[in-house]
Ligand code: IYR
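As a starting point, one isolated chain is supplied in structure tokens, in the form predicted on its own.
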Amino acid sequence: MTTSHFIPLAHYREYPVEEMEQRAAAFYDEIRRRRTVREFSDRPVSRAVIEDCLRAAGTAPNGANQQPWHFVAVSDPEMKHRIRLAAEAEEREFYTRRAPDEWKEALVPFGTNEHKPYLDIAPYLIAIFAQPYALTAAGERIKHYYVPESVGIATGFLIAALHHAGLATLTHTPSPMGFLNELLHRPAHERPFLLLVAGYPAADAKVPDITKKPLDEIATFV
């Protein structure tokens, strides 16, 4: 049976209350500037930026520290184009056959359709895979726990890190996404979770005129 091993909490930093409030307010001011972008520039992005943002995502809390995720950062133009073609094929099915009318109506304010040129234009596509289980060298399965929750938290960390670094992002979820396993040579036991588009926004980028719910509609203090 595995035994527990603990070490001192060495890196925690406590701040005076006033500084805590300032830091919380400053983070809110920064993160509320984040917007989902569908118009990207083709300006190159430093790989070092992407690497450190992925490292940040890898620090996310997760079930039993099993870290049930894998990130594939795609910058090769040919591979990005192949992903675009496959994603657009699924999106055509969605918009023309699979999506119920109420779902398509909900998407009208955002002007989305089956055409995804940003998958070619943006310098990075980050395919995020969830791992329901791991495989040992002998081929035995090790079950992972709280996989969707863990990968969702890591994805949130990644989006925040990319924004903090000065990049724009778009979460893209064509359904199904099995083509990502095939194109990116990921094993069958990994499930595509999300395709994250990352780069600089286009100089003339526009975003929908929307607002977020106020605090009293999203939180309750008891």
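One-based numbering along the sequence shown. Computed from a prediction, not measured in an experiment: that's the story for all the values here.
The same protein also has a form predicted together with the named molecule, omitted here; what follows describes it.
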Of L135, M79, L107, A73, which residue is found within 4.5 angstroms of the named molecule in the model of the complex when only non-hydrogen atoms are counted?
-> L107
Partner-proximal stretch of 188-196, 59-67, 41-49, 171-179 relative to the named molecule in the model of the complex, 4.5 angstroms, heavy atom | 171-179
Could you tell me if Y146 has a non-hydrogen atom within 4.5 Å of the named molecule in the model of the complex?
-> no
Would E91 sit within 4.5 Å of the named molecule in the model of the complex, counting heavy atoms only?
-> yes
Any non-hydrogen atom of K116 within 4.5 angstroms of the named molecule in the model of the complex = yes
